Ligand SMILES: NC(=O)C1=CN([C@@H]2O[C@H](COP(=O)(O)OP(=O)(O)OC[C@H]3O[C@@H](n4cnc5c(N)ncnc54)[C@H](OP(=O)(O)O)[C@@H]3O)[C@@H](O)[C@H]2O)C=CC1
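The chain below stands alone, shown as structure tokens; this is the form predicted alone.
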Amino acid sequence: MNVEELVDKVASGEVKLHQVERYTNGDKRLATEVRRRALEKKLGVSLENIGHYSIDPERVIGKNIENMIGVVQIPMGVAGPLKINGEYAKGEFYIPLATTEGALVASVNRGCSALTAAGGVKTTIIDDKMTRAPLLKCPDARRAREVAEWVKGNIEYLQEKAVSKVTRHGKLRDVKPYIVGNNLYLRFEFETGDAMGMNMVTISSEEIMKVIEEHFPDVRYLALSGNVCVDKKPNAMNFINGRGKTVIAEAVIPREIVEKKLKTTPELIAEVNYRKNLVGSAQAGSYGFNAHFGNIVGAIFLATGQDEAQITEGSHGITLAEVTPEGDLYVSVTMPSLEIGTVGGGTRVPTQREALSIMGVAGGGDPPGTNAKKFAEIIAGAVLAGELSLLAAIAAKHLAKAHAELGR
């Protein structure tokens, strides 16, 4: 079958989208072209720009994408340099931001300038864990409690008998059980090194379920995820207990820098933050007591190959701003659930890996886990820059003007 015949058969539905590689002798680039041309023919549209890309389909099909037809391109800019005084990130960094929102990069850049002039951002990793919470159906609540107590007392045994069988990098460190009626939710906490770790903890959790069912024949494993993990949904669990990296970025900005670079005062920024981010968010029932964590987290996630659905939890967090006794501005961001990695998943895509290399965090760290923690500190610093700049723009009533000039 020649290419034109194959395009016709895919367009008619005689050959399914996922079957095309069978007819291209495994040539994934050609299969990508066939699917795109078939779609153009069937829908009567041009997909010329989607067909221009540098990514090699041979490297991503089957690992990062199925039924590939091309690539969507997002403009990427950089903000910085931003000075970070962290436990893992030390020095000045440029931050890659992939976005189509005009004014975002400029705003983060302004925040970086003010923070760096003030001496930089202090970052602190509070916790680091990836969770998965399988659901077990028990005969009754008392049996659920017995199972939970057994699991809590056998963490090392489960690591040896289950987790170590399927991964060299993951380590089961704890479990938090939740019982609702006869339902037992086991929120396992794992260390996952430089990987975000969802695949690792999912596979490990399934092996643990096999061990539990062997020990408790009257208990039935129903779901690998019982929605207490919590993954890719707004939730109080991650907001309070954390998931991924829990990180804080903070800085003290002298009054003269606030006035000169941000065109406002510490008092106005503190008041706007209190009335907007704290009171306003409480009124809205929001898990984001902040101005726009999601903007910066989203732009960095898209640039660096993170799981874009986890921008949801990345937008959780609290921004604080207060005037110090000396009249300067203290500002901080607390991010309880930053689910990121520097190996695996989308970080393998060449363009995303290059974006990670801009920050010096591409690939695994030495020792393992240090690159992902460094990356988390850089993200938190960038988020602080974005929060500071937006709060200042609102306080100075410059927000609409900036979007009119840069966003249209």
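All values derive from a computational prediction rather than experimental measurement. One-based numbering along the sequence shown.
The protein also exists as the form predicted in complex with the ligand; that form is not presented, and the subsequent description refers to it.
Only one listed stretch (165-173, 331-339, 213-221, 67-75) carries heavy atoms within 4.5 Å of the ligand in the predicted complex, and that stretch is 165-173. Proximity to the ligand in the predicted complex, taken as a non-hydrogen atom within 4.5 angstroms, holds for one residue of 192, 273, 123, 205, which is 192.
A heavy atom within 4.5 Å of the ligand in the predicted complex is found for one listed residue only; from 267, 307, 128, 250, this is 307. Using a 4.5 angstroms threshold between heavy atoms, residue 343 counts as touching the ligand in the predicted complex. Although the partner is absent here, residue 197 lies within 4.5 Å of the ligand in the predicted complex, judged by heavy atoms. With a 4.5 Å cutoff on heavy atoms, residue 313 does not count as touching the ligand in the predicted complex; it lies far away. In the predicted complex, at least one heavy atom of residue 232 sits within 4.5 Å of a heavy atom of the ligand. Residues 132, 364 and 368 are all found to lie within 4.5 Å of the ligand in the predicted complex, as judged by heavy atom distances. Of the residues in 98-123, none comes within 4.5 Å of the ligand in the predicted complex through any heavy atom.
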